[in-house]
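One chain comes next, on its own, written as structure tokens: the form predicted on its own.
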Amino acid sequence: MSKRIFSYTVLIIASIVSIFPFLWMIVSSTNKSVDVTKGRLLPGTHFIENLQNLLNTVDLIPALINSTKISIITTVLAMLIASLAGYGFEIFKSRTKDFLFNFLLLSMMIPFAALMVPLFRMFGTISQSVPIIGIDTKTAVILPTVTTAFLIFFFRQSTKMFPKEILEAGRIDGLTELGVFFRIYVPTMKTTYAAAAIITFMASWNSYLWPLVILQSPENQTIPLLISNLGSSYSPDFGMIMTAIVIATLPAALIFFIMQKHFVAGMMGSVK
């Protein structure tokens, strides 16, 4: 009995510590800047005022639209490319497959900050001939992050648990390899796709460093850049900033809660 009480106590404390920043953010969005500075923990009545100030100060809607477009396109392309790569690494046999996969995993050791200068120079060169995928374009934000070694590794590990007999049955029935992939593999691995989609969408939605480097026009800025600009003024309005953070948090939180069940199952590596 004492062990159970101790476990519940630890879990309750951990839950409070985890959820407190989120609750404080919501409460602060209803208070004035001076109240936020003082650390007021009680809800106020200034949310509408903060929202109006936010809409009058910055172009919130275009930033939300930019982030939504970039995140959705990145997620869709990442799911397609990473799942195809993970499927190929696990299903098809090759002497060089393991070497290539290990080499791919080594790339996870390289911090993205070390790649930004070469990437920026590359997109600067490309923009001279193909402006649509050059500097200060959404395409330049999407392409370097369209998939990662982690996602490919994640799909390959999940594919290890996939019943290979189903694939063989599909081939015997006359399906092409792409038919087997899209008509058998993809529907069966929906929990893995859900988990990977949540991870990719949230990473793209919250991405700050690369968009800061590659995007130069105010009309192309994403929501993290907009919030960063709000906090860089001489006398920032913390109530307005907290309101912007709440609005920026809602899409990612909503997607996570909707797909939470599939996310847990996908992270556990289950195949249904």
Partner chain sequence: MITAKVNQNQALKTAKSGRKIRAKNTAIGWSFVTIASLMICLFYFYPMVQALILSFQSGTGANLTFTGLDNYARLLKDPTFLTTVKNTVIYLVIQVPIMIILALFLSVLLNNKTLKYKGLFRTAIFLPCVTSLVAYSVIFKYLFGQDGIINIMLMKLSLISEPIQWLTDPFWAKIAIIVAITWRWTGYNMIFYLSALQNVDESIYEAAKIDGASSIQQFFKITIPMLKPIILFTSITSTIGTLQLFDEVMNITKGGPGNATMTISQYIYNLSFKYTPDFGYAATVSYAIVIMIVIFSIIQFKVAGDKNE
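In this text, the rigid core denotes the largest set of C-alpha atoms whose superposition between the two forms falls within 1.5 Å. Bear in mind that the values here come from a model prediction, so they are computed numbers and not experimental data. Positions refer to the first chain, counted from 1.
One more form of this protein, predicted together with its partner chain, exists but is not displayed; see below.
- Stretch-level contact analysis of 144 to 152, 159 to 167, 190 to 198, 67 to 75 against its partner chain in the predicted bound form, using heavy atoms and a 4.5 Å limit, identifies 144 to 152.
- For the residues 218, 231, 62, 43, the 4.5 Å heavy atom test against its partner chain in the predicted bound form is passed only by 231.
- The closest non-hydrogen atom of residue 52 lies beyond 4.5 Å of its partner chain in the predicted bound form.
- In the predicted bound form, none of the heavy atoms of residue 2 sits within 4.5 Å of a heavy atom of its partner chain.
- Looking at residue 96, you'd find a heavy atom of it within 4.5 angstroms of its partner chain in the predicted bound form.
- Residue contact with its partner chain in the predicted bound form: residue 253 places a heavy atom within 4.5 Å of it.
- Of the residues in 69 to 86, those that come within 4.5 Å of its partner chain in the predicted bound form through at least one heavy atom are, in sequence order, 81, 84, 85.
- Taking 2 Å as the criterion, residue 69 does not count as shifted between this form and the one not shown: its C-alpha moves by less than this amount when the rigid core is aligned.
- Core-aligned CA deviation for residue 216 between this form and the one not shown: less than 2 Å.
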